[in-house]
Ligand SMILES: Nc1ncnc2c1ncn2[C@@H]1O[C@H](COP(=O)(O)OP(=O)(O)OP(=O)(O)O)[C@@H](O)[C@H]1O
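Before any questions on how it binds or moves, here is one chain, the form predicted on its own, in structure tokens.
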Amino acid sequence: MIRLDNVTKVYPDGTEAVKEMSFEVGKGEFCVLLGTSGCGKTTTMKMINRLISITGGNIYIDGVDNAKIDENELRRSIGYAIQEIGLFPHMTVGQNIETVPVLKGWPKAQRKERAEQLLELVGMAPREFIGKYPSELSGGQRQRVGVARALGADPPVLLMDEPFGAIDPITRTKLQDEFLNIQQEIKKTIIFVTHDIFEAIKMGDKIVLMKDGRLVQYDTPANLLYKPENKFVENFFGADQAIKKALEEISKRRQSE
């Protein structure tokens, strides 16, 4: 569904943010980009919908080079959810969710029906929330609406940049669980950026572990834990035995689901 082929990003000042990145995400897979701050995770993700241009290589979406797709049409066909949420404060919850359907010319009745369906999907009663404004919602509720808006036009691909990062730990765990349940139903192809090892193991079918703009290992959570390809991977996941034990428990739960 999504394939990166030797993708590179070099900024005008000479900074190599991403270096010869190659990996493939299958249809319906949940792929996590993981690494420390500054390793190129968000840059890699943003090159998929061309919010950042590539310097070299190619990115294919369902077999089509994304450079050959109209920018506006590309972005309207890919859901996008970010940590800061970015809801439009002057729009109601319903209007926010309908943003992309409006741009795509959906009829009013279809847009409203879609907004109601998505509010139900993220656990928010449409009758109670569809007419509210973002300022009337809690942080967790705004994040749910942000996810619903990303799904507004039923895109096959969803990009998520630390979407739960600004939420308190208890709400964050709940949102992670709820989103995994949603993914079981909608089966989108997802690229999810995080620096949190626990979140990566919990959420991802596969993980792209990055360091200094390069892919170090692309694998399942279990293989990253039990079959690290080098010392960096081994230390990243298992330097602290207490952390490794907790990660193993998460991995075991995922395998039993």
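We number the residues from 1 along the sequence you see. Please read these numbers as outputs of a predicted model, since none were measured by experiment.
FYI, the form predicted together with the named molecule isn't displayed, but the following is about it.
This chain is drawn without the named molecule; in the predicted complex, the residue among 202, 211, 50, 195 with a heavy atom within 4.5 Å of it is 195.
In the predicted complex, at least one heavy atom of residue 41 sits within 4.5 Å of a heavy atom of the named molecule.
Taking non-hydrogen atoms only, residue 36 approaches the named molecule to within 4.5 angstroms in the predicted complex.
The named molecule is not drawn, but in the predicted complex it has no heavy atom within 4.5 Å of residue 233. Remark: residue 116 does not count among the residues lining the named molecule in the predicted complex, judged by a heavy atom distance of 4.5 Å or less. Residues of just one listed stretch (217 to 225, 184 to 192, 64 to 72, 41 to 49) have heavy atoms within 4.5 Å of the named molecule in the predicted complex: 41 to 49. Taking a 4.5 Å heavy atom cutoff to the named molecule in the predicted complex, the contacting residues in 4 to 28 are 11, 13, 15, 17.
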